[in-house]
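Shown here is one chain on its own, the form predicted alone, set out as structure tokens.
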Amino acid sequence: MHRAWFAARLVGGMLSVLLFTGQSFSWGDEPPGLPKVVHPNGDVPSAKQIALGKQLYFDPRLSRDNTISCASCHDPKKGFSNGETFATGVRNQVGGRNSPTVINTAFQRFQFWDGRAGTLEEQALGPIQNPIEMDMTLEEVVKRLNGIPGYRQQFQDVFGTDVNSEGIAKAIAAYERTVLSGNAPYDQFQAGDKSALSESAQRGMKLFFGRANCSACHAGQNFTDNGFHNIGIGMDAKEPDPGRVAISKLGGDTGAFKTPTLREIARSGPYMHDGSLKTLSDVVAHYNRGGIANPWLDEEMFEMKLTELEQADLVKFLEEGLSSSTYPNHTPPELPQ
């Protein structure tokens, strides 16, 4: 692994070095256990573009009342979520869905719980325009940022233009593609270090990939199939969240939501699209019961009949095995004036 990259992560985020030195970032040094990050059209961002994106990500001036930033709902200290049941926006408005983590979104095919955005660039502009979240129009946020000399100069340096919405999206997405978690005890165990996982976590891992069948959906290096599934969450409500069907218009997607990554899952509770499960023990218990019955329940859902010990082992694998010592604990940068 590239030493400078690794050292930067140890002090709280690789951009802590990039932001002040302006040096080029060497892509391809993704943490062990992860695939290579693929950039749109092969356009690898510069360190300056990433640093600009980080500033925009942490800047509450992108919101109507200067109180909400991307990091408000996707906080590095809270697993790049917000630690609450729902996302909270300007004027203390509360949304109807849990804040999904930004960790490893570089590898996701769809963004948002219902997959309505196909790229990080598209996703980046969504909350800015959402009246419950940041409540700005693109025209308004572009005008505001162009009124900040530091931003206007950086956009000229990075993109050769004044601030525009395309550049905002590209910069934030470039930064978000650096929010990576790998090299967890699971990866070390798979690489041959049999002491990387406790006996309990090893038993949980066997259940995860075996009888519990968690890997049917939480598959691959990022522990997600990038698909949408109805696991029964919220389907007993008077008016259930329709989920993916609102986007796909396919009846089979009723009540289906995106499979989240399980990397750093212990940090990003509460869980599910409605934040209804507070702990990983609650999550495992939900699956153990086979979910909540409904006409669209996923075929992979079934009563697992795990013992209390087996459930505890499964939780141990999730908590211990997928939490990295090189967690991207990024800190807020100095903002342009």
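We number the residues from 1 along the sequence you see. Fair warning: this is a prediction, and the values are worked out from it, not measured in the lab.
What follows is about the form predicted together with heme C, which we do not show.
> Would Ala184 count as a contact of heme C in the predicted bound form, using a 4.5 angstroms cut-off between non-hydrogen atoms?
No, Ala184 sits far enough from heme C in the predicted bound form that none of its heavy atoms falls within 4.5 Å.
> Hey, in the predicted bound form, does Asp298 get a heavy atom within 4.5 angstroms of heme C?
Yes.
> Please determine whether Gly167 contacts heme C in the predicted bound form, using a 4.5 Å cut-off between heavy atoms.
Gly167: no contact with heme C in the predicted bound form.
> Just checking whether Phe159 would be counted as a contact of heme C in the predicted bound form - the rule being heavy atoms within 4.5 angstroms.
It does not: once heme C is placed as it appears in the predicted bound form, Phe159 has no heavy atom within 4.5 Å of it.
> Only one of Met304, Leu34, Ala47, Ile292 comes within 4.5 Å of heme C in the predicted bound form by heavy atoms, so just point that one out.
Going through each option in turn, the one that passes is Met304.
> Counting heavy atoms only and using a 4.5 Å cut-off, do Lys54, Arg109 and Leu180 all touch heme C in the predicted bound form?
Not a single listed residue reaches heme C in the predicted bound form, so no.
> Name the stretch, out of 187-195, 70-78, 145-153, 159-167, where some heavy atom lies within 4.5 Å of heme C in the predicted bound form.
Heavy-atom contact with the partner occurs in 70-78.
> Within 4.5 Å of heme C in the predicted bound form, counting any non-hydrogen atom, which residues from 84-103 show up?
Ala87, Thr88, Gly89, Arg97, Asn98, Ser99, Pro100, Thr101, Val102, in sequence order.
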